[in-house]
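Below sits a lone chain in structure tokens, taken as the form predicted on its own.
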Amino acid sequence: MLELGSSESQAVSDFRCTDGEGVKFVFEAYGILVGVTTDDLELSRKLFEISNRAMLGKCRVLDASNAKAEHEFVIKKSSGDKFELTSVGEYTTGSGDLRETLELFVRILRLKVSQFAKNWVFVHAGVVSWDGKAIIIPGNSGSGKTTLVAECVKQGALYFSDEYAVLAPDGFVYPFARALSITNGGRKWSEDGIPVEKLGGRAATEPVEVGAVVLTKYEPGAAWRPERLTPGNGIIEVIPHTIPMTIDADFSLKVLKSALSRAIILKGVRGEASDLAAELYLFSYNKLTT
């Protein structure tokens, strides 16, 4: 088997042959250990590069001969241009061409990290900040949060994420600034996402405290007239979007309380994303920076 060398700083290209059975590497991301086994060295390199990109450079390579992975994947070529992916210990399998297989791998990897991350709580949400105070916009896929985040960025907000609010026990929200997954009529503008710089914006590099949580959904023609919730009721509203609640509810609630106890919680329907972005810009400077 080919395994990555023991030095954590080694490049992925620094594999060594041990028993000829295949290729394996193990990496740590947000506190969980992930192992990937393939039957091809070049594919293994590609998978690590994709993993590291999906985790925004947070993957730390470990010595595969000593590190025991908590979550494992096996990806092998089946026939022709088809590949098979197995999430070991689960019923999750998939078969398709290389692009389809890699996309499935990234989706499962993100889900595992968001569920099992140690000392982090992932909330399904968009996040931007103005002048050092974050605005968290919880929402499921297809809820329009990416569109709203993009409009806020155009208004000058610093971009944190269109997918996850990554919260730490200190109550701060940390950047997870992947390329934005912007859709148009149900179709993505780009399969690889839109870099925030294309929108004239900037990605955050440092954590900030949470200034506000905006709970909203789109209704054509609606005006933004939100009600203000108590922090307790706000946390209740955010719980369904908190991914590790079923894994460690106590820790998740502790971090939510730390992050949201001093935040302004707003709930209401919205019209066009550009209109609400303008409202949030004014709200941020009138309410969050005073």
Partner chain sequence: MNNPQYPIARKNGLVVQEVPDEVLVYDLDTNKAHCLNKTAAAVWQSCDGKTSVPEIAKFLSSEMGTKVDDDLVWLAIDQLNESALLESQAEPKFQGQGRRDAIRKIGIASMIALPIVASLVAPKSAMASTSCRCDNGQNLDCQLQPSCPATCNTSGGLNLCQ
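None of these values were measured; they are calculated from a predicted model. Positions refer to the first chain, counted from 1.
This protein has a second form, the form predicted in complex with its partner chain, left out of what is shown; the following refers to that one.
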item	value
Heavy atom within 4.5 Å of its partner chain in the predicted complex - residue from 74, 98, 194, 111	111
Listed residue that, although its partner chain is not shown, lies within 4.5 Å of it in the predicted complex (heavy atoms), from 208, 153, 117, 104	104
Every residue of 52, 60 and 168 near its partner chain in the predicted complex, heavy atom within 4.5 Å	no
is_contact(residue 31, its partner chain) in the predicted complex, heavy atom dist at most 4.5 Å	no
Its partner chain contact at residue 178 in the predicted complex, heavy atom, 4.5 Å	no
Partner contact for residue 124 in the predicted complex: its partner chain, 4.5 angstroms, heavy atom	yes
4.5 Å heavy atom contact, residue 239 to its partner chain in the predicted complex	yes
Heavy atom contact within 4.5 Å of its partner chain in the predicted complex, the stretch among 39-47, 22-30, 60-68, 227-235	227-235
Residues of 137-174 having any heavy atom within 4.5 Å of its partner chain in the predicted complex, listed in sequence order	140, 141, 142
